[in-house]
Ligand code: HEM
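Heads up, the chain below is alone and in the form predicted on its own; it's given as structure tokens.
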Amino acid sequence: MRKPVTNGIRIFLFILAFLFPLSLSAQEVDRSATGGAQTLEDILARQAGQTIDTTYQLEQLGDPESAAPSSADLGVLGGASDADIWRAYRWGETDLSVSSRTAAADVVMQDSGMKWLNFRAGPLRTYGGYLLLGMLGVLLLFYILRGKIRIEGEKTGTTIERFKPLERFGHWLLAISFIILAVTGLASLFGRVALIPLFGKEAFSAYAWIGKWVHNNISWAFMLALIWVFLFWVLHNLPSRHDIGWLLKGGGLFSKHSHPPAKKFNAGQKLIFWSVIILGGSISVSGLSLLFPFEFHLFSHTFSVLNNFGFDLPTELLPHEEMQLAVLWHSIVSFVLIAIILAHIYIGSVGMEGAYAAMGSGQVEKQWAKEHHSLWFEEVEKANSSTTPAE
């Protein structure tokens, strides 16, 4: 009957550790009964996220001088047991020699790995999924309430060139590569909970291997396209005084017969452009650090700069911690950009009549251009009339 009682005491202490986390940290733990090893109180305090005194562990690193001879019942070769050796290694109190001459090879035990794993499988996957589902829900609701934004004026049947072939090539290279990266990245993150139950482990294993290869290599096309569209469109996406009026009217998206003047790119498109450039650039930098692991130290340097502004962030990071932070940052920023691009895809396809033709054929209906980009339309018409010879 003693075992159930003992288990009951342990459960009771475990509950107390979470309800009253300060009570354990304020008490001095008696380790005499364990020969200096950790106690139940130490374990509960650590599970509750408290800072505990680790001096007792540093004192249990093995002492060859006082060790029992190897011929004795408790004797060990070299005067230190395996537990002593690993404990010394855990606390950096032993000389380490590895065959690989890289900093990452020196790291065998790393506590932050579990924090990274739990965050990736928990909040990252949960809230990232909610963000994408929420955006799809908002777009569906907008379509139900507003419907497709139609060309309101009389269609002329004549078109005007909206984007040149090189511009459209850069856009589609960026768009297709991003979609592939998004699909393969999401499959990697959600594969265990969503795809394995559907296809089984063996099928998903093959898909995951191919997906990783595709993700790593398509990334170069994405980075090239990012530079491409930046060079082509950066001047057209600089802020102008017309952007304020466009934003105040919501771009005319929420009401009919309300089309604020805009140049080649309106304020909404400019926000999309700079989101793609800034967030896509950030994704690319973190992606490069993952393609070439342990070669870049992005976060230790970044944290050092942020600490100058009052933050208190760790600046001495293990190589593995750098990689784990890169994975998290890469995923978080990708979730945000995917949500933004979903809205962009909606407006450019089913959300607005005539919008897809701009990137499809490059030619748009003149009435569409006059309604949605009136200032740009006037510039093009003026330029065309000045180059047309008089009859």
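None of these values were measured; they are calculated from a predicted model. When you see a residue number, it is the position in the sequence shown, counting from 1.
Keep in mind that the form predicted together with the named molecule is not shown, yet the notes after this line are about it.
Inset, instruction - Examine residue 343 and determine whether its closest non-hydrogen atom to the named molecule in the predicted bound form is within 4.5 angstroms. - result: No, no contact at 4.5 Å.
Legend entry - in the predicted bound form, residue 50 touching the named molecule (heavy atom, 4.5 Å): The answer is no: residue 50 has no heavy atom within 4.5 Å of the named molecule.
Legend entry - residue 179, heavy atom within 4.5 angstroms of the named molecule in the predicted bound form: Yes, residue 179 sits close enough to the named molecule in the predicted bound form that at least one of its heavy atoms falls within 4.5 Å.
Legend entry - Contact test in the predicted bound form: residue 195 vs the named molecule, heavy atoms, 4.5 Å: Residue 195 lies outside the contact set for the named molecule.
Legend entry - Of 171, 125, 259, 215, the one that lies within 4.5 Å of the named molecule in the predicted bound form (heavy atoms): Among 171, 125, 259, 215, a heavy atom within 4.5 Å of the named molecule in the predicted bound form occurs only for 171.
Inset, instruction - Identify which of 208, 175, 88, 189 has a heavy atom within 4.5 Å of the named molecule in the predicted bound form; exactly one of them does. - result: By the 4.5 Å heavy-atom cutoff, the listed residue in contact is 175.
Inset, instruction - Decide yes or no: are 222, 272 and 349 jointly within 4.5 Å of the named molecule in the predicted bound form, with each residue judged by its heavy atoms? - result: Each of the three qualifies.
Inset, instruction - Name the stretch, out of 158-166, 305-313, 197-205, 144-152, where some heavy atom lies within 4.5 Å of the named molecule in the predicted bound form. - result: Every other range fails; the passing one is 158-166.
Inset, instruction - Between 346-360 and the named molecule in the predicted bound form, list the residues on our side with a heavy atom within 4.5 Å. - result: Residues within 4.5 Å: 348, 349, 355, 356, 358, 359.
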